[in-house]
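One chain is shown next in structure tokens, namely the form predicted alone.
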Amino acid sequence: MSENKDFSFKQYAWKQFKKNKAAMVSLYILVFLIFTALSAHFIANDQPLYAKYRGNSYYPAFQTYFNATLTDSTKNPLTGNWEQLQFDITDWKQLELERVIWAPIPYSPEKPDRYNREYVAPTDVQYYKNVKGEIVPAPKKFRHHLGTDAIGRDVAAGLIHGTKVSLLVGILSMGIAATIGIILGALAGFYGDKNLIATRFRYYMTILGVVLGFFYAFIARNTALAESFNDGMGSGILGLLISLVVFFVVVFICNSVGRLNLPGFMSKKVTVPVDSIVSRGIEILNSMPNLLLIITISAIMKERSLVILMVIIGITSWTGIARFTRAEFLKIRELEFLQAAKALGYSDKRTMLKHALPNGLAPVFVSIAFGIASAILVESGLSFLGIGVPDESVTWGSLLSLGRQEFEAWWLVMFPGIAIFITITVYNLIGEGLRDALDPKLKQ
């Protein structure tokens, strides 16, 4: 009795997951990739982590993390003149630094090395301009260990910063997809076609609210959204959040107006076919080739932005999560604990959020893990084709695309390809581990 009483499914699932060696190794690799993405600015940067110049101590990589165009001035003891230092454009390698600590990869992904252009291989002779202005063979710490591209950009730095882009696209796009899929799947599975009853007026007003909300949130604000995305990722996300708030406010207002009691035909109560509406939407979206749809939407956008790409991938990838959530809710809504919640008079909102949802998300986590891998693959494919991603953004797919311009530059194909392969495999193995650990049929 005590063993059953103390049983915790979370502990059991974690114990089962740990038994899967491949999944655990993949989890450690994923943690390393996340750490690499978060620390990319300090791992690959042409600005030193610490530098002492003319008696002053600087921390350029850390200081420019919060202010990219930070400037400072120092006095030349020989001439007495003041020298202006703008940290992001100063060539620190050409300064006579008294002490310096460089990043592990002392190059930024977007800045070319003029002395190692034209596809320098990792094993080729590489050159470096020292403080005296002499062009000499590059010392070990200033070598491009994974080679360069046509204009001398460091491949290793591109891979490090590309990790941040790929993980960000995968996680945020699937966050959008999971939000849409869980909400629609939960509504479809919980209510079905006959359990949600409303007056005709409220039903029609809600539909009108969705249409008007979409118009005012996204169509009417199309110019404002485009301008916010052009201003940067932060402004783009803020603009998107404002549009979502506008959408939900309009729907809420129309739904509230629909609560009015009108006489006659509009007051008659009808069942809302939530399941049929969501299922038909899933079928329509699944009938279109997903990748072709993403490519088409990305190609017609006026401005290319990573945020827009995340949103496009997210709003076209929610169907699988919605189907899993719907199937779980169809099963859960007939179980005793939900019937008891209804008998106790709990509202549908409380029953759905506090009782049904926590018990129906296990398969969704598996779908999200596989979905992140798919989103990273889609982003890499679009970057390879030069669609959706800005030219200045360095991604694994854009590095691969550079490789097709010069077939002999094998390092531009091999290293990004290995990075994509490892990341996709890691997420797939974690997804399989979660599926095995969360499968109640395996519970003993």
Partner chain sequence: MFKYILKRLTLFIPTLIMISLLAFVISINAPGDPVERLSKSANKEGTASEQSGSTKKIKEEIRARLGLDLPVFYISLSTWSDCDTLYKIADKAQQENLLKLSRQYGNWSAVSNYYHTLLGLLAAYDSLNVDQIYLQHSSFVLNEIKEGDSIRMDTSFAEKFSKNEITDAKNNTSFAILSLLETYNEKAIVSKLDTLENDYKKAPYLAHLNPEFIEVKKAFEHLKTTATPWKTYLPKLIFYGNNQYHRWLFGNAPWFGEAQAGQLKGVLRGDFGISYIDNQPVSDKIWEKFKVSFVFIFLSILFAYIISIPIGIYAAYKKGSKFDRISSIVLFVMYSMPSFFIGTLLLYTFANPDVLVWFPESGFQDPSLYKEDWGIFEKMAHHWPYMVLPLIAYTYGSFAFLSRIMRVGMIDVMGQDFIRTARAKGLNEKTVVLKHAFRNSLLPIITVFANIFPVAIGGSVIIEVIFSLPGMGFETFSAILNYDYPMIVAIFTISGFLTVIGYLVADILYAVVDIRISYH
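Whichever C-alpha set is largest while still superposing within 1.5 Å between the two forms counts as the rigid core. This is a predicted model, so every value here is computed, not measured. Positions refer to the first chain, counted from 1.
The protein also exists as the form predicted in complex with its partner chain; that form is not presented, and the subsequent description refers to it.
- Here the marked residues V211, S380 and I424 all reach its partner chain in the model of the complex, each with a heavy atom within 4.5 angstroms.
- Contact with its partner chain in the model of the complex, defined as any heavy atom within 4.5 Å, is confined among 179-187, 132-140, 213-221, 145-153 to 213-221.
- Taking the partner from elsewhere, E432 is found to have a heavy atom lying within 4.5 Å of its partner chain in the model of the complex.
- At a distance threshold of 4.5 angstroms between non-hydrogen atoms, P289 is in contact with its partner chain in the model of the complex.
- Remark: A13 does not count among the residues lining its partner chain in the model of the complex, judged by a heavy atom distance of 4.5 Å or less.
- The closest heavy atom approach of R99 to its partner chain in the model of the complex falls outside 4.5 Å.
- With the partner omitted from this view, the residue of L293, L196, I315, V257 that lies near its partner chain in the model of the complex is L293 [heavy atom within 4.5 Å].
- Of the candidates K331, K269, R280, K354, R280 is the one whose heavy atoms come within 4.5 Å of its partner chain in the model of the complex; the others do not.
- In the model of the complex, the residues of 390-411 lying within 4.5 Å of its partner chain by at least one heavy atom are, in order, L400, G403, R404, E406, F407, E408, A409, W410.
- Taking the rigid core as fixed, one finds a CA shift for G314 smaller than 2 Å between the shown form and the other one.
- The rigid-core alignment places the CA of V211 2 Å or more apart between the shown form and the other one.
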